[in-house]
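There is one chain below, alone, in C-alpha cells, taken in the form predicted alone.
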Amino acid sequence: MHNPGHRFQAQDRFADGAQYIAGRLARGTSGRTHAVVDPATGDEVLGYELAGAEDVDAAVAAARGAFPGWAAATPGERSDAMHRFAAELADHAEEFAQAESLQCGKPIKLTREFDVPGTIDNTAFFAGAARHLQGQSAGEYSGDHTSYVRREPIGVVGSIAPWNYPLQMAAWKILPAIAAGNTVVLKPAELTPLTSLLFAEAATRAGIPDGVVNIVTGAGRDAGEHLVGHPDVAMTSFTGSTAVGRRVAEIATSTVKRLHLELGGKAPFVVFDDADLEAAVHGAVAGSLINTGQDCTAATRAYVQRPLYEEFVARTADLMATVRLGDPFAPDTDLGPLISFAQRDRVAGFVERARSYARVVTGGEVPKGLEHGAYYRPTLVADAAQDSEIVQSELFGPVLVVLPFDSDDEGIALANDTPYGLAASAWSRDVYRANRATREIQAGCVWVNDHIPIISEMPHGGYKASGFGKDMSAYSFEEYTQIKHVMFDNTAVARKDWHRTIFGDR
C-alpha cells in the first residue's frame, strides 16, 4: 500500500462540517453522525454530522434568497462566472482526483483521466451554453399580434446524486441548472460527499454568489425526502435506483414539482456474427468493468450471435483474468473495490445464486490478499436463462452475463427484454445491420462498435424504467427552464373582432 500521508486528508479538510450552505461549510444538526469509509481498506476517513430538516430548510432559504439576483444576471455574466469555475476545477484537479479515489475506491488513473477531466469539460461546456438560452424568434402568427417565447429559470432545484460518480453527478445536476439561472440544493450520497463539497467551494471561489450552490449531506429518508417535498423547491432532479426513483416521484407529484429522473440500467451489448471479435471482446471487458461495474450504463448483458458465442466467452474470460486489482492509489491498478462491503456481498450473492442455473466462467470470488477491502474479482457468467435473476436485475458490480442468439430479430428482442432502457451497444461491420439496431433498441443511448464514452455536447437519459429527462448537452435546458409565451396586440383597437363572442353583435 502507498503511504496514506500522500492521500487527501478529509478529516482536516472538512473539520468545519460536511454541509455547504450560503457559501460556507457547516455542521449538520440532525443529531446523528456518519462515517465516510475508504472501501479499499475499511478505514474511516471522515466522521461528520448528518443534515436534518433544519439544514435543508436553511439551504433552501439560501437558494431562494440567491435566486432573484442570479436569475437576473445576464447570460454573459453567468457564463463568465462559470468559465472561472472551470479554471478553479482545473487548478485543483489533483485534489479532486484524490478525494474521489479515496471515498469511492476508484483507481487514481480513472479519476485523473475520466472523472475530473470530464467534469472540467462539462463546466466549460455549460459556461458557453449559458449564452445560448434562446426562445423562438418573434413572429406574427395570428395576423394581429406579435408573439415570442421567453425561456426562464424555474427557481430552486433540489437535486439528489448517487455514490457511483459523485463528482460527475454533482456537475450534471448543478451545471445546467445554474447556467439557466436557477439555484441549487444538492444532496450527495452520505457515503461520498467529499467532491460535492469541493465542487461547491470551487464555485464560490469562482465568484458564483453565495446561495446559488448549496450541499446538504444527510440520509435519504430525512434530508432527501424533506428536500423533495419542500414547498419552496420548484424542481427535483434525481439519479439513483428505479425503486427509490418511484418514491421520489410520489413525493414530488404531491407538490406538483418539475421532475427529472435518471434511474437504473441493464445495458445490452449485442454482438452480431460479422463483428470485429477482438474489438467486441475488449469493449465488453472495458464496458462491463468501468468503475468496478458500478455504472448504470455499464455493459451487463452480452448477447452474442451463435457462430461467435463460444470464442467470445473464452476470449472475454481470458482478458478479464488479466485485469489488475489493488490499491486505488497505485498507478498500475486497473480495478478498485466496490463502494462498500455490503455492496460487495450483494453482488457476490447474485453470482452464488447463479451457480445453480448458469456457468461461472471466471471470477466469482473475493481475491486473496485483498480481503481488507470490498474487492470482488471480475466475473463472467454464461448460459443463464433470459428470465433469470442475474439477467434481469441490476447488480452494479463487475459481472458480465453472456447469452447466445440466432437471428437478428432475436438479438434485438432480447436486448429490449428488461424493464430498463438507459444505454446499449451494437457490434457489427454492416452499416445497415448496425443502423437497424440503433433504431430498434429501446435505450437513450446506443453506441455502435464501442460502449461507455460520453461527451458534454450530447444528451444522456433513459427510456422505460430508466427514467426521463436529459443530463448534459443543450437538451438538459429543457429540464431546467420553463417556456413562456408573450403576445403583443399590434392593432391598438379597443374592440377586437373576437369580442363579439362575448358582447353579441353590439
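This is a predicted model, so every value here is computed, not measured. Residue numbers here begin at 1 and follow the sequence given.
There is another form of this protein, the form predicted together with ligand NAD, and it is not shown here; the text below is about that form.
Undergrad: Considering ligand NAD in the model of the complex, find the one stretch among 203 to 211, 84 to 92, 221 to 229, 410 to 418 with heavy atoms no farther than 4.5 Å from it.
TA: Comparing against ligand NAD in the model of the complex, the contact stretch is 221 to 229.
Undergrad: I'd like to check something about Gly265: if you look in the model of the complex, is any of its heavy atoms closer than or equal to 4.5 Å to a heavy atom of ligand NAD?
TA: The answer is yes: Gly265 has a heavy atom within 4.5 Å of ligand NAD.
Undergrad: Gly363 versus ligand NAD, in the model of the complex: is there a non-hydrogen atom within 4.5 Å?
TA: So Gly363 does not count as contacting ligand NAD.
Undergrad: Can you work out whether Pro328 and ligand NAD are in contact in the model of the complex, taking contact to mean some heavy atom pair no more than 4.5 Å apart?
TA: It does not: once ligand NAD is placed as it appears in the model of the complex, Pro328 has no heavy atom within 4.5 Å of it.
Undergrad: For Val156, is any heavy atom within 4.5 Å of ligand NAD in the model of the complex, or not?
TA: Val156: no contact with ligand NAD in the model of the complex.
Undergrad: Among Val244, Ala434, Ala124, Ala384, which has any heavy atom within 4.5 Å of ligand NAD in the model of the complex?
TA: It is Val244 that has a heavy atom within 4.5 Å of the partner.
Undergrad: Of Ala189, Ala252, Leu403, Ala354, which one comes within 4.5 Å of ligand NAD in the model of the complex, counting heavy atoms only?
TA: Only one listed residue qualifies here, and that residue is Ala189.
Undergrad: May I ask you to list the residues of 365 to 391 that have any heavy atom within 4.5 angstroms of ligand NAD in the model of the complex, in sequence order?
TA: Heavy-atom contacts to ligand NAD in the model of the complex: nothing from 365 to 391.
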